[in-house]
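You are given structure tokens for the same protein chain in two forms, set apart as structure 1 and structure 2.
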Structure 1
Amino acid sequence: MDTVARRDKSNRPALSFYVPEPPARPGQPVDFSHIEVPEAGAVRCPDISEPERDMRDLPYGLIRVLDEKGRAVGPWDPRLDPDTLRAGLTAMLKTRLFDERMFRAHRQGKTSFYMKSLGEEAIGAAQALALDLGDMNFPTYRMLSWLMARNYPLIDLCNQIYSNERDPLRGRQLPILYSARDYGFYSLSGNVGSRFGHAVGWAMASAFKSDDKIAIGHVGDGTTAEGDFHEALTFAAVYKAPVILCVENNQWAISSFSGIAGAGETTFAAKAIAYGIPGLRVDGNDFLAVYAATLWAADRARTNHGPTLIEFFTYRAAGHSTSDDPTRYRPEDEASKWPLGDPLERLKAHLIAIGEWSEEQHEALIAELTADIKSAVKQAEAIGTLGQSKPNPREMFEDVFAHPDWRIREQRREAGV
């Protein structure tokens, strides 16, 4: 009783309630002063067999390969051949042009929803090329460049986005939440983070079956707050799953800045330390750095050294989705001031710097890709856009179970399909 009474009369200072805020809001000058951009080539590249406890510096660095002059420098240079570099550039460019076209299609009422990858195209493109065809990607909705790098047919993308009669997912899924098993692209769910653990499970299964395939999973910076993220890391660490777990830190989760997910306190890569797995922090706008880090982690996974967590440091240059107007929560010119530049321009500059690309070739490529996209869009629109065409409503009742039960059969009859 005495202690309680004494405590009630405490002269301790009052606690204060803290809520973090981003450095700049609309109308204020862009402030990226908290972002340190180290020299390209400065971060060491350890051997994949180095014990995790010796690699705890890596989550606080920033792996960069491309320097300001477009040269590839330092120990992480993956020394890619020009064909691979051009394939990456093509995938990124195709993604960007396609995104623009589909964003307009949404504005024209041809689809219900769209999300762009603008500024983050390097990640999916580099990883699709760095990993093997048998590996499985558990992606986010900003990884169209993976499908582009693997030449997923444009017409199928358009049909899904238009939810038309030829929609490969038969009208059941929101546009852009693709599923493309043959392209190493796991089905996207609307619930963010919910697939991170699936990547770990898939990887564990591959190890269980003594297979040689690995898995790669992705979440956004905001999504690291979900329990799924921490559960996945725990399982990955405990079972040394052959998996690469990635955080795309694009600074924003709809209107909430990355500080709301804890970025003010530490890096996302450093979350790995508590789980005892290596964490890499990588310039996500640097195609070569993304490629190299992914390959390094893949080599670890393939040689039974276990999982790696990679933070890709990048910026979501467009709105969160077609329902979002980013100028309502961040300075209008923030994207153009992003200190790590534009991943597409940087790769292009590199290819030009090594004499393997030119402005003329680039213009020709834009023209070629634009024509391809236009033709796919035209074909898809001939089939129909949202509301004009849809798969047979019978499809609504298919695939609920492997074999429909009486409810589905009765309701299908009642619906007259």
Structure 2
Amino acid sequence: MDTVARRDKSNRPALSFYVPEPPARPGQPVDFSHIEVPEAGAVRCPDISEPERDMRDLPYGLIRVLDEKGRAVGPWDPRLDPDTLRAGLTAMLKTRLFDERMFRAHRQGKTSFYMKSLGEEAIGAAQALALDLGDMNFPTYRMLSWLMARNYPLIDLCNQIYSNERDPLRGRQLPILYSARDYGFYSLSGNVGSRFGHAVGWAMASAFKSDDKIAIGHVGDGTTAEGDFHEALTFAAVYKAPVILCVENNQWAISSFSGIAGAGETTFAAKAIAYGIPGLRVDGNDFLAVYAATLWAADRARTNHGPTLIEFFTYRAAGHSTSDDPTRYRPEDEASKWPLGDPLERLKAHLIAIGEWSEEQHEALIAELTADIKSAVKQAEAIGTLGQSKPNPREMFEDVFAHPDWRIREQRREAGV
């Protein structure tokens, strides 16, 4: 102890407390100079059976298929037929138009809450088309394009958002927290990390039953700092669950930039290395790259090679929700300068480049989808918007117990239902 006490400390600097800061704040010039964007097609595509220890370069690259001229290049090109490409474009465009309509509805007082998917539409759309109908998606709240790609009824979306008498969830979820089992869309939770573990458990159950269905789970970059994220990865790795675990790194967790969750130290895909599972880092604004990486991970899962962690590198172009003002914490023009571009415009450019689309067709599609959305909104508003129409109060007592006990019956009597 005397030796320790006599140790000379005179030259030691004082400890400093570090808090990471984003590259730019409001009023400052946008700075994305820290982001390295490799050439499309530069990242290798390994065989699905390759051992994880030989794939530890992949979390540090960026899988891209679409180049600056709209061409599909490199080993990750999924070589999709034009119909699939057009289906993806349609789902993305429908999502964006629907988002705009519902955002205006919120400003008109017709719903209490809404969240846009702006800039992230490629992820849900590509995955909905890449995976099988029996697979289950455990989504975040920016995956409306999954439902659009699988033709979920617009009227049901509107009724749920308006919380009216025809709400398919009968008033049991906040607006936009959808649930659609028949469309492979597990019930959304505002506590997004909770569903990551559910995805792993669902996949484990599928394997236990010797079924052929897999699960896919999603969280945002902020949720990777939660215990749910690491617990899910532990179970997925140990039990080789047939699951795809996705991190949508859209740079912002509400007003906290991704550096608060550790993005400045390493990639989110690299977190897979500690669990002994493959990690892929993918351009989330590249529809073809998202499709290809998802299909690769799905093939691994279906052939009993276990889970894959995928980081989709993207950007949340709108506010977190209708309750958020992003100009309070980031430059107003930051979204327009995102180096990976607009996912919808990139897929459109690709279709035009291969001679399977035109500006005239695109304008016609906008008109068609706008009319469909307008019709669904009109039907829903005829039923009622926020506060004008509500699910029957009796619904709160149903689907609680298989057989109502005396307490439920007494509460129903007191409520007069």
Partner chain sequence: MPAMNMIQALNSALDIKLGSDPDTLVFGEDVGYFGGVFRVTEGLQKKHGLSRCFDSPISEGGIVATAIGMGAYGLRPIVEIQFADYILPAYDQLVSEAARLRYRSNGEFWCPITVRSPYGGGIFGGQTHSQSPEAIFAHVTGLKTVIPSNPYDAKGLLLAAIEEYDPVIFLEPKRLYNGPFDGHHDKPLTTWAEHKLGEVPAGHYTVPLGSASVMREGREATVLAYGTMVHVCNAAIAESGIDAELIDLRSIVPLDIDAIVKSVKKTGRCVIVHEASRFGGFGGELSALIQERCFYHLRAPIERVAGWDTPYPHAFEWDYFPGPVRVAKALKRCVEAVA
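We call the rigid core whatever largest set of C-alpha positions still superposes within 1.5 Å between the two forms. Numbers given to residues start at 1 and step along the sequence of structure 1. Quick caveat, the model's predicted, so the values are computed rather than measured.
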Checklist entry - Of these two, which one is the form predicted alone? => result 2
Item to check | CA of residue 18, rigid core aligned, shift of 2 Å or more between the two structures | outcome: no
Item to check | C-alpha positional change at residue 401 between the two structures - rigid core reference, Å | outcome: 3.0
